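Coming up is one lone chain in structure tokens, specifically the form predicted on its own.
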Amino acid sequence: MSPVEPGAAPVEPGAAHEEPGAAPAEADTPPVEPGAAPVEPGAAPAEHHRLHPFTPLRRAWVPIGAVIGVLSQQVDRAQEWARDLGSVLGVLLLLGLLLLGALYGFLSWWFTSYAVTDTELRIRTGLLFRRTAHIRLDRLQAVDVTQPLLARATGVAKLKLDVIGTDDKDELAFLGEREARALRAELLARAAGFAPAEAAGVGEAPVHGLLRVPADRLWRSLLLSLGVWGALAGGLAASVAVWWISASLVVSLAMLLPVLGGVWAASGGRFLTEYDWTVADSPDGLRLDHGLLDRAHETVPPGRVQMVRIVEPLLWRRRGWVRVELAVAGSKNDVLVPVAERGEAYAVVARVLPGVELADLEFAPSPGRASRWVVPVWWKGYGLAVSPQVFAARHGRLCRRTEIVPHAKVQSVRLTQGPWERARGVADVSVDHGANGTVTARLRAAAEAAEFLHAQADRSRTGRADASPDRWMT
């Protein structure tokens, strides 16, 4: 029996003990999945959560819809199968199809889960082929909550995540509405730099309403859109001409239906999507809420807007209405305001581009003597304006478009000249921004364009050096 050191605690019978020189015992740690972030010593394993029980019902219709789609393409053969099987076997086959769809929906829901760690959001999916998405929270730029009509009726919501450097959005469909909003608030808080223990209790960031689009203004603006009426008139004229030439009503209707679909998407579809459009300001960006049937709650992240476009259709100008569109790096949110008075729209743009006063921009027109021979009539619609914060180009006469790019977002500048432009002494100056787009100031005097090329490169360099970081809640 070995002696006990003075002051040492007595060893209980049966307790484990260490041999002299042995390494200290380590606590059992959970296995780490391939590709997952390493678990910090002493950190609790991430707790995985399943989606809302409504999800299997939504996913069960995927195989059923696929079978229905195949049968609709083979109507005659499907009728022959139905006659051969008889009524009893047909009912049994239908029940088997429903059970198969239900089983698929349940299994896909059972094998889908998510977990939030200190540094990332993990989404596990896949029934046969497992996939685990690791979404770094410091790369998260927007979290949108959308509710299709059936989801609104059942009290669930879909969470869509915009991550820097990816074009496709990862999503969690579906969560309970309260759970979706709470998870969104927690993810935004962690992306903003809050500690994990604090992020869960931060809650939704406070919002301040900026603009709400009345329904009557929205439908009137759609009625005053020349593009919709032009497409409808052109489609009807083409269909009547085809009917007159071919004497076939089927061919005429086949040509008219795609046109009617496009007209509906630009009028009725837009009304359903942009109904009750609300813009609110919050520390995590501008909140956009809209939709009549399908409700969407989107976020325009601060500092990620690469370009702002002001659209002024011809029939809107007498009423002073404009439409504001965006180009956001890594996001498909492209509308900021569907229709608003000019002053209201400029106030919202000032929240996206701090320090920029659009009303103070003075556009210099293209030189008339040279430009009228390059682009007859339409040359009057071109203009260029530069301020200490932005580069702005204007074009269009029937539908005027003004595109504004902050100097800090300009990736490259170039000057181009075609042979006819060289002969008339004019050139085009283009800037590329971070949303893979280009803004061009057309028909500038060649000497002015060459001087502007170098000046804009300097402005972009100093703009990036002075720009504030793209950070939320700061």
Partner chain sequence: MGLPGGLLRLRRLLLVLWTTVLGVVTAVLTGVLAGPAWAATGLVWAGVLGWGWVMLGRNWRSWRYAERADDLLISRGVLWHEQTVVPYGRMQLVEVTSGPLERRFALASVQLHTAAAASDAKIPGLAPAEAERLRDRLTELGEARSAGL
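Numbering follows the first chain given and starts at 1. Treat the numbers as computed from the prediction; the structure is a model and nothing was measured.
What comes next is about the form predicted in complex with its partner chain, which is not displayed.
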* Asked: Is Leu315 close enough to its partner chain in the predicted complex to count, meaning some heavy atom within 4.5 Å?
  -> no
* To do: May I ask you to check whether Ala445 falls inside a 4.5 Å heavy atom distance of its partner chain in the predicted complex?
  => no
* Do Arg422 and its partner chain share at least one heavy atom pair within 4.5 Å in the predicted complex? -> yes
* Decide whether Ile164 counts as a contact residue for its partner chain in the predicted complex under a heavy atom distance cut-off of 4.5 Å. => yes
* Can you tell me which bits of 422-453 touch its partner chain in the predicted complex, meaning any heavy atom within 4.5 Å? => Arg422, Asp432, His433, Gly434, Asn436, Thr438, Leu453
